[in-house]
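Only one chain is given next, in structure tokens, and it is the form predicted alone.
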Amino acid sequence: MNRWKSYVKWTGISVGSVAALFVVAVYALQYRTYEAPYPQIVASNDSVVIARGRHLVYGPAHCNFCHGSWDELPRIMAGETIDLKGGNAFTLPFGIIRTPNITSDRETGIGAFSDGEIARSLRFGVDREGHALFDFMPFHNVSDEDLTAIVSYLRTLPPVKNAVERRDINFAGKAVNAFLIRPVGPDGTPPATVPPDSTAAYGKYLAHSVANCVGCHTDRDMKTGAFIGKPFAGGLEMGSDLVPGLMFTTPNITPDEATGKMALWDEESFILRFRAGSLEEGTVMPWGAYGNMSDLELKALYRYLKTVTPVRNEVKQIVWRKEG
């Protein structure tokens, strides 16, 4: 009996010690830093470059959808130019992530950041202090030319003072941040330039590196961000932060004849759908920004999506209200 009590005692002490060490490690690793290079990106004053950056920010890159303000949602969904002052909250299983202010305000925005610091956060997922960013921005493989255009345009934004508390995460979120979140960099050397055209090749660039179609239309673990489904086959459940309790399941946009959206559309109807804008309350699809894409870009995107591998994956419910 005494031996059994001793065993239980020391087992309890061991388990408690491991748990205590885990908690200490979680909090100690919240602020770990990483080394990442600064891309050789220098903002330009060329009006053509700045115009290209504006098109990306309010078009395919849909920066306005995340870095705008939900208070201006009608304008966002109309694709209008708004202040990118941040603060929008995205609710995840481990807590809330808020978007930063990316206006030129030097205290609460990015006005005091160098071009390299801005470019590094977009390409390597490392912030100004060297911390890993949660991988919400799909711009790791964007071309040098487009990255320069984006940084150049952001430099022109008027300052808006809006301090944002970036994270409000629970202990599980802190554990994810400590052990699972790592900087995400490019797949090799990003291209110097990707000339816009209407080809499937350019559509692939848009779908994977700029518009992030693959990021939402592929099922993924919402705790870690890891992809767990077939590319573009849908099935990702996403809560709407615009309408409490509303959930969306992203559709299958492969050309599978039985279950894929791309099997239903010809090129003209595809473009018309994007021009129609939002048709569902609380949608998490940035229709306003995508509606600002050119016909050339939409043709390229259509032609690429018609080439992806068909996946049989029936998504029965696109919109539903979560019980409770």
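Residue indices: 1-based, along the sequence shown. Being a predicted model, the structure only gives us computed values, none of them experimental.
What comes next is about the form predicted together with a small molecule, which is not displayed.
Contact annotation: the small molecule lies within 4.5 Å of heavy atoms from the stretch 93-101 in the predicted complex, the single such stretch among 222-230, 168-176, 191-199, 93-101. Checked against the small molecule in the predicted complex, the candidates 251, 86, 183, 79 yield a single residue with a heavy atom inside 4.5 Å, and that residue is 251. Here is the short version: of 115, 144, 127, 105, the single residue with a heavy atom within 4.5 Å of the small molecule in the predicted complex is 127. Taking the partner from elsewhere, residue 300 is found to have every heavy atom lying beyond 4.5 Å of the small molecule in the predicted complex. In the predicted complex, the small molecule sits within 4.5 Å of a heavy atom belonging to residue 63. Taking non-hydrogen atoms only, residue 38 never approaches the small molecule to within 4.5 angstroms in the predicted complex. Interface residue remark: residue 162 is not counted as part of the site for the small molecule in the predicted complex, having no heavy atom within 4.5 Å.
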